[in-house]
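Before any questions on binding or motion, here is one chain by itself as C-alpha cells, the form predicted alone.
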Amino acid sequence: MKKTRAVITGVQGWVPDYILTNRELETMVDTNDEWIVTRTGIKERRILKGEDKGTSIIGINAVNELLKKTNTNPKDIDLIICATVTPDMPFPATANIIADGVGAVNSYSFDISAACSGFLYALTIGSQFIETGMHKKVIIIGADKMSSIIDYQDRATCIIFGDGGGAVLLEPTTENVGVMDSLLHSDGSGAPYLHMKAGGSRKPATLETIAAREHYAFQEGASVFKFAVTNMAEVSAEIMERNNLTAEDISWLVPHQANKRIIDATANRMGIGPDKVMLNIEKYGNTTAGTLPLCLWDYESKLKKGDNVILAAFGGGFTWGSIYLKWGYDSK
C-alpha cells in the first residue's frame, strides 16, 4: 500500500497596500537607507493601516484568494491552522475569526505561536492530520501584523519588520510528492534575547508597563543573529543529510526572511548558490510567520512538480526548524 502524504496543492499570499520605505523611516528614527540595506537587505515593508484591522484581515484575504485559485468550496475545509504572534486578541483564536470570515463553517481551527518558525510548526502539524487520514483539506496560514508590536522609536527593530502573510492548501496524495520530512527544535533559554516584556499573564498591562514601552518586541540583535546563523544553517544541512540530499538535488531553499546575512550563511552551509534561494526580504521585510508562504507565493510560477524544496526558519523562543518537501504541481 502506498504511503499517504500531505501535498501543497495551492499557495496564496497577501500584503497591505501601504509601503513603508527606508526613506520614510529616515524621518522617524536615526537611520538611513544605506545602513538598513547593508545590514539587512531590506528596502521597504508593508504596513496594515486602519482601525479594527488585525492579523485576521491578512489571513482572510489570503485564504479567500487561495480558495478561489484552487476552486475549493470553503465548506469542504476540515481544519485551519494559523501561525501568528500577533493574534487579533488573546482569544478567540485568530484562526477562528479567519474561518468565519471565509465561510469555512465545517472546519475547526486554532492558532500556533512559534514566532518566525510558526509556519513550519503549523505545516508539520497539519500534514500529520492528512497523513493519518483524519482530514482531506487543511489550510495552513502564516501571518503577522508586526507593526502592532513594533516600537517606531527603536531603530534596532522598526527597520526589520513588516505586515503580511500567506496560506497553503494541504491535500492527500499517494504520489512521491508532498511533505517528506521535518525537523523542529526549541530552546526556551533564548527567551531573554527576543520577547515582549509585558501583556501576558506574567506581567499584565498597567499604566506603568505602557509608559515604559514594554508592549513592543524586544530583541538583543547580536545574540539573536549568532543563534540564528548557527541553528538555521545546521538544521537545513541536517535535513539534507538525513534524506541523502546533495546541493545538486535541491531545487530551492526557502529561508525565513529575517536578514540577508543569515540567509546567505544558510545557503553557504548547504552548498547552494544564490540562484536557488528564494528572496523577497527587500520588499516585505520580516513578516515573522508570514515570510515562508509569501516566498512560495512569489516564486510559485518557477516551481515545478517534483522539485526538492527546503524550508528553514529561526525565531523567538528560541524556535527553529526545517521541512523537506517535494513540490506537488506545475503552475498554470
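All residue numbers are counted from 1 along the displayed sequence. The structure displayed is predicted, hence computed values, not measured ones.
The next section is about a form of this same protein that is not shown, the form predicted in complex with oxa(dethia)-CoA (UT7).
- The candidate site formed by 124, 183 and 243 is entirely out of contact with oxa(dethia)-CoA (UT7) in the model of the complex, as no residue has a non-hydrogen atom within 4.5 angstroms of it.
- Comment: oxa(dethia)-CoA (UT7) is not present in this chain, but in the model of the complex one of 136, 213, 197, 261 has a heavy atom within 4.5 Å of it, namely 261.
- Note on the partner interface in the model of the complex: the residue among 40, 70, 64, 280 having a heavy atom within 4.5 angstroms of oxa(dethia)-CoA (UT7) is 40.
- Proximity of residue 56 to oxa(dethia)-CoA (UT7) in the model of the complex: non-hydrogen atoms within 4.5 Å are absent; the residue sits far from the partner.
- None of the heavy atoms of residue 51 is located within 4.5 Å of oxa(dethia)-CoA (UT7) in the model of the complex.
- In the model of the complex, oxa(dethia)-CoA (UT7) lies farther than 4.5 Å from every heavy atom of residue 145.
- Though the partner is left out of this view, residue 192 does not reach within 4.5 Å of oxa(dethia)-CoA (UT7) in the model of the complex, counting heavy atoms only.
- The partner is not drawn, yet in the model of the complex one stretch among 252-260, 82-90, 106-114, 201-209 has residues with heavy atoms inside 4.5 Å of oxa(dethia)-CoA (UT7): 252-260.
- Residues of 199-229 lying near oxa(dethia)-CoA (UT7) in the model of the complex, listed in sequence order, are 219, 221, 222, 224, 225, 228, the criterion being any heavy atom within 4.5 Å.
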